[in-house]
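The chain that follows stands alone, in the form predicted on its own, written as structure tokens.
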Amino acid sequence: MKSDLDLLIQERGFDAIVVMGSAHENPAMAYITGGAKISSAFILKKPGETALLICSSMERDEAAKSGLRIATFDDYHFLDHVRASGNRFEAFIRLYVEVFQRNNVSGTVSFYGLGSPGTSYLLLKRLQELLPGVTITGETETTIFDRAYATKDTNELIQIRDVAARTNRVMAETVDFLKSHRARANRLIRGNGSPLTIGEVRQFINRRLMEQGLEASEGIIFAMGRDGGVPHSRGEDDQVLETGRAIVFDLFPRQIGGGYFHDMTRTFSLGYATPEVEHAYRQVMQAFDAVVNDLSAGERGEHYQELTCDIFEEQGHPTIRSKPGTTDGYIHNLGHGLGLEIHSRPRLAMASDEVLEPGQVFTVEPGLYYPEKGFGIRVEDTYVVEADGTFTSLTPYPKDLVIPIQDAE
């Protein structure tokens, strides 16, 4: 969690870290600032010291909400650097050099945040030239932020629980919206008799999300029939909703502007479900229930992926373990952590040595996919590992397969 950052910085052998870029779509920036809405900033963090946030003077009040030490670009003579260098890119480089010098930064400094690859490369190369007493580096794979994100503090969990509750409300409102329509000739129709499309459902969902202070920054999966058999197919907006066809509805919004995510999936069939879909749905729920009943703090995430593969293989389905690269059956890992990023640690996946610990938030989402048979099924809840090692679902919405639909008169 956030309080671990100092220790993590020291463990990696860094003398300081820098986070750059806008707070928007920048998890590392949002993490350190607590979500303060700033358009562009430079954060310097040395272990044992409160981070220094440098931003435009126009955003100083918003930046102050972060609780960090605040300075402005004017405090570091940005306009003087522009006049001296003749361009803003070089001016920012000279400003960063001044920040390092005035704050006695030396040794190894690791950089994080956002920026275009080419610009970032040129910026870091130039900084290295101008700061001979500093070694500029970065991280791959599991960064200090990946480690810190994995467990949430009390304030983070409050926000995540709130986002989860609002997401569950949108799911319920969407089901009620679908129920409000009638069926004619196996198609859902609106009050004027025209067919209801996936695009119109998606518009409804987005409106409800906005009313709840949420946004679908990564999109919405509302995929029917064959599309539902390809896990990340979003669904076609012009497709008309039909009775008796499985719909995978994956809803994973976040707080508006770049905040915490929730993730949940339900599979629905309008009016009725075919025997084949009913059978597969029961098998998915068997796997889901087995995993949830086996959850234990201290257990490896890989264990639950193996358990899921065991169950589906016993049922006769191919899995990514028994048939790597399969596009039928169980074709993905069981779950992932989430927070400021939709996919993070812990991973309930093959070859994962990560374990479940108090403060973690993660998904459980088994599924079966048969695109050529015209269906896919996935059920997903988000869980939090409580301080006492117990597990709480943040996704209490019911898991009924069939949504009742009345026939039009």
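Basically, rigid core = biggest C-alpha set you can superpose within 1.5 Å across the two forms. When you see a residue number, it is the position in the sequence shown, counting from 1. Because the structure is predicted, anything quoted here is derived from the model rather than measured.
The form predicted in complex with another copy of the chain is left out here; the points below concern that form.
Here is the short version: of Asp162, Asp310, Glu236, Asp75, the single residue with a heavy atom within 4.5 Å of another copy of the chain in the model of the complex is Glu236.
A single residue from the set Asn168, Gln286, Ser106, Thr137 has any heavy atom within 4.5 angstroms of another copy of the chain in the model of the complex; that residue is Thr137. You can rule out all but one of 267-275, 290-298, 106-114, 169-177: in the model of the complex, only 106-114 has residues with a heavy atom within 4.5 Å of another copy of the chain.
Using a 4.5 angstroms threshold between heavy atoms, Glu25 counts as touching another copy of the chain in the model of the complex.
Within this chain, Arg60 lines the site of another copy of the chain in the model of the complex, having a heavy atom no more than 4.5 Å away. When another copy of the chain is considered in the model of the complex, His181 lies well away from it, no heavy atom lying within 4.5 Å. Using a 4.5 angstroms threshold between heavy atoms, Val240 stays clear of another copy of the chain in the model of the complex. Contact with another copy of the chain in the model of the complex holds for none of Thr50, Tyr281 and His303, as no heavy atom of theirs lies within 4.5 Å. Counting a residue when any of its non-hydrogen atoms is within 4.5 Å of another copy of the chain in the model of the complex, the hits in 184-218 run Asn206, Arg207, Met210, Ser217, Glu218.
Once the cores line up, the CA of Tyr281 ends up less than 2 angstroms apart between this form and the one not shown. Annotation: Cα of Phe42 displaced by at least 2 Å between this form and the one not shown, core superposition. Asp176: CA moves less than 2 Å between this form and the one not shown after rigid-core fitting.
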